[in-house]
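Only one chain comes next, encoded as structure tokens, the form predicted alone.
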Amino acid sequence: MMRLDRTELCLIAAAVVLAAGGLIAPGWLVFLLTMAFAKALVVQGVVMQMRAGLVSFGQGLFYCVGGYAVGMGGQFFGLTDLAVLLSAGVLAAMLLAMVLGLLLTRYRDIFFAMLSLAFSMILFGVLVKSPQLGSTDGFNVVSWTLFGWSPAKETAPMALLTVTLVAGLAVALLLHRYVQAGVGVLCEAVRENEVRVEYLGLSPRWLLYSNYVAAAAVSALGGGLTALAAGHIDPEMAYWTTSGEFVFIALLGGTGHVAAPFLAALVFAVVRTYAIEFVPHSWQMILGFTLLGVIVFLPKGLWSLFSRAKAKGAAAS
């Protein structure tokens, strides 16, 4: 049995505190937290690839696949169990990533970014031209159950927040172990010097391939949870602006810690919510200035604030 380190204990404690806080939080805040942490899972997929030296401008592809798998599972197959719906989305995204990854992992830099964006926009075009799937309007997601338990309308948002926190915690713990051993470390080596990795007798392409498939699975989980929280899906989930939002959040948080995407997604959600409320015609500009400020003053993202504090504490001791 593996012992939990300090980071893992902090992640568990944070999830427990957030779940407890959700019990007394107003409904709008519960929804905001659920959406933020669900999208943070998609950002985790972006960050996984950034650690390997790749930037995906098409992560909305797997976000959309996860969401539509949940919606179609309920709409066309009568499935309502949350675990089954989310599993279907993750499996569909992994199968798609296993096919696309054979092509995409041949490319690097801007070529990888543009190809990932192209595939996402292809899915967007297919969905827009599919009246059976609601075309541009999309369709509503059916009410969910969990192992036969159907939450009441009043308790469903809090129950889904709890599920999202549990899923986010599980992913964060797995990724924390992932980046410290095995493929995670080797992907960072590929980012630093791909040729040297080849000299070690390893295949950078297959390392990136496995990382790509894992990132797709995590992103699809976030898409499925978002669909359940919003109660609706539409082709905008695969649009380029959605993928750009995930890259924005990834840059906002940085790649220094598995908790960074969750922090950045929460900050992004709060800033956007209040920007839309107070300056509804200029909220994009507010977000732009926010990212600009982070890039100038915190080039390694918001998490570098904690890294600096930790370094100063270590130096003082």
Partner chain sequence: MNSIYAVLIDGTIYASWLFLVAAGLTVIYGVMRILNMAHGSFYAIGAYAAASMVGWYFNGEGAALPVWGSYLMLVVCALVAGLVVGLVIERGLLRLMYGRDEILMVIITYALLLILEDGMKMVWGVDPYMAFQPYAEMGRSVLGGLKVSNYDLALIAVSLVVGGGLWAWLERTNTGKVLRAVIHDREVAMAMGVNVGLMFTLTFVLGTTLGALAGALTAPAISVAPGLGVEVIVLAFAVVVVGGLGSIEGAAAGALLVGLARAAAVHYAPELELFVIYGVMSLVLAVRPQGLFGRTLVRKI
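What you see is a predicted model, and the numbers here were worked out from it, not measured in a lab. Positions refer to the first chain, counted from 1.
What comes next is about the form predicted in complex with the partner chain, which does not appear here.
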item	value
Contact test in the predicted bound form: residue 240 vs the partner chain, heavy atoms, 4.5 Å	yes
Residue contact check: residue 145 to the partner chain in the predicted bound form, 4.5 Å heavy atom	no
Exercise: residue 198 in contact with the partner chain in the predicted bound form, heavy atom 4.5 Å	yes
Contact label in the predicted bound form: residue 193 to the partner chain, heavy atom within 4.5 Å	yes
Full three-residue contact with the partner chain in the predicted bound form, heavy atom 4.5 Å, for 101, 181 and 206	no
Partner-facing stretch of 166-174, 212-220, 109-117, 82-90, counted where any non-hydrogen atom is within 4.5 angstroms of the partner chain in the predicted bound form	109-117
Residues in 226-259 close to the partner chain in the predicted bound form, defined by a heavy atom within 4.5 Å, in order	239, 240, 241, 244, 245, 247, 248, 251
